[in-house]
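Before any questions on how it binds or moves, here is one chain, the form predicted alone, in structure tokens.
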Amino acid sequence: MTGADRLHARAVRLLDSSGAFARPWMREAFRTVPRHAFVPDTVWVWHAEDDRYHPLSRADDEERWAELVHHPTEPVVTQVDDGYPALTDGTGELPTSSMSATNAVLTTLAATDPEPGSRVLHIGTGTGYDSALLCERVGGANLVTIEVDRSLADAARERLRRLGHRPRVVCGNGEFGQRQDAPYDRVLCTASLSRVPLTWIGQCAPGGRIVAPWKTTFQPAGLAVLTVDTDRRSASGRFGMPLTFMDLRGRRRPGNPLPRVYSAGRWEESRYGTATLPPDFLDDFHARFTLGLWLPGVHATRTPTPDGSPAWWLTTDTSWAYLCAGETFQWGPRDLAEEAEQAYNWWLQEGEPEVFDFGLTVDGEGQRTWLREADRTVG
């Protein structure tokens, strides 16, 4: 048994003991598919000291490479800057493809819950690992997997082939699905987005399921689990276990506009005020998810203060607010502190609902988030 095989076996035991295998087939698929067979020889590791991604070669440090690959709760970055490291020293700035953390992979598979022989559309092939697990369940002939990056798609196809899996691997924009192989019983997207494409609904069979990591600018973690209506014109469902994935290539979350809209001069011009918000009001995940629904397009940034208490910047392209210890400083046409306070108080008045109490409906009129019942629209 190689070192990688031992680490793989250890990961199976750890995940098993934590109850990560929600279905028996998931444990068997994870045990059967060698995770390390889907990772390139060079991965990327973030270094806090310079806020960059540095390459780590398997040949240079195989033990560390294998530890990263088989860590049960951490992803492995396999590409930066769309395959062309942005910095002249060979380091990267933006992670653009990864092998998701094992516990995240298992969570999305459990939410998708495909039956043997069901038709599955997988968007975001990446390394091909998730597709291999799906092949173990539904068979390669029943899986279509789409990857926008040609080099990634080709590499994944070859890795899958070596293990005897031959799904249809398509290089293309996953937002459009793959109409010629529809209808699908399941659509699984393993990249984050903020709007679920109607195309996926139209390509599902009635009663089909769509699972996609869903985000706002305020809160990048969520998981939409939707059931397609019988007319295949709408889909609706609640949010499941929150997860953070890399953005769908065509739906990347815009960068925080704070560096563009803040200046020392604007601080001098800012409006002073007070707020009743507790300092840690956004440290509660469920509160932050709720505020993200009420404040679309707003970015939130936590920053430390000398005494260690949190302060928050709320930012749009035209306004910013700084909230610290009950005091606020704001610039621009919007009163972001007041908007945040109203949304937070709504969350308290509703009994501090969790992310699982919220749902999403997508149809020809757009998408709507709601609380507990589909007619109680939020935001």
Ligand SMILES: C[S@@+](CC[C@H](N)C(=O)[O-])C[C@H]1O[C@@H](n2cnc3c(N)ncnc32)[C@H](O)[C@@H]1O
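Just so it is clear, the model here is predicted, and its values are computed rather than measured. Heads up: residue numbers just count along the shown sequence, starting at 1.
Absent from the display: the form predicted together with the named molecule. The rest refers to it.
Asks: Since the chain is shown here on its own, which stretch among 231-239, 113-121, 96-104, 256-264 would lie within 4.5 Å of the named molecule in the predicted bound form, judged by heavy atoms?
Replies: That would be stretch 96-104.
Asks: Spell it out for me: taking the named molecule in the predicted bound form, does every residue among Gly174, Thr190 and Arg249 have a heavy atom no farther than 4.5 Å from it?
Replies: Contact check passed for all of Gly174, Thr190 and Arg249.
Asks: Report yes if any heavy atom of Thr125 sits within 4.5 Å of a heavy atom of the named molecule in the predicted bound form; otherwise report no.
Replies: Answer yes; at least one heavy atom of Thr125 falls within 4.5 Å of the named molecule in the predicted bound form.
Asks: According to a 4.5 angstroms non-hydrogen atom cut-off, is Ala300 in contact with the named molecule in the predicted bound form?
Replies: Ala300: no, not in contact with the named molecule in the predicted bound form.
Asks: Do Val148 and the named molecule come within 4.5 Å of each other in the predicted bound form, heavy atoms counted?
Replies: Close contact exists here: in the predicted bound form, Val148 approaches the named molecule to within 4.5 Å, heavy atoms only.
Asks: My question is simply whether Phe245 lines the interface with the named molecule in the predicted bound form - judged by any non-hydrogen atom within 4.5 Å.
Replies: Residue-level check for Phe245: yes, a contact with the named molecule.
Asks: Just one of Val211, Leu152, Ala221, Ala182 has a heavy atom within 4.5 Å of the named molecule in the predicted bound form. Which one?
Replies: It is Leu152 that has a heavy atom within 4.5 Å of the partner.
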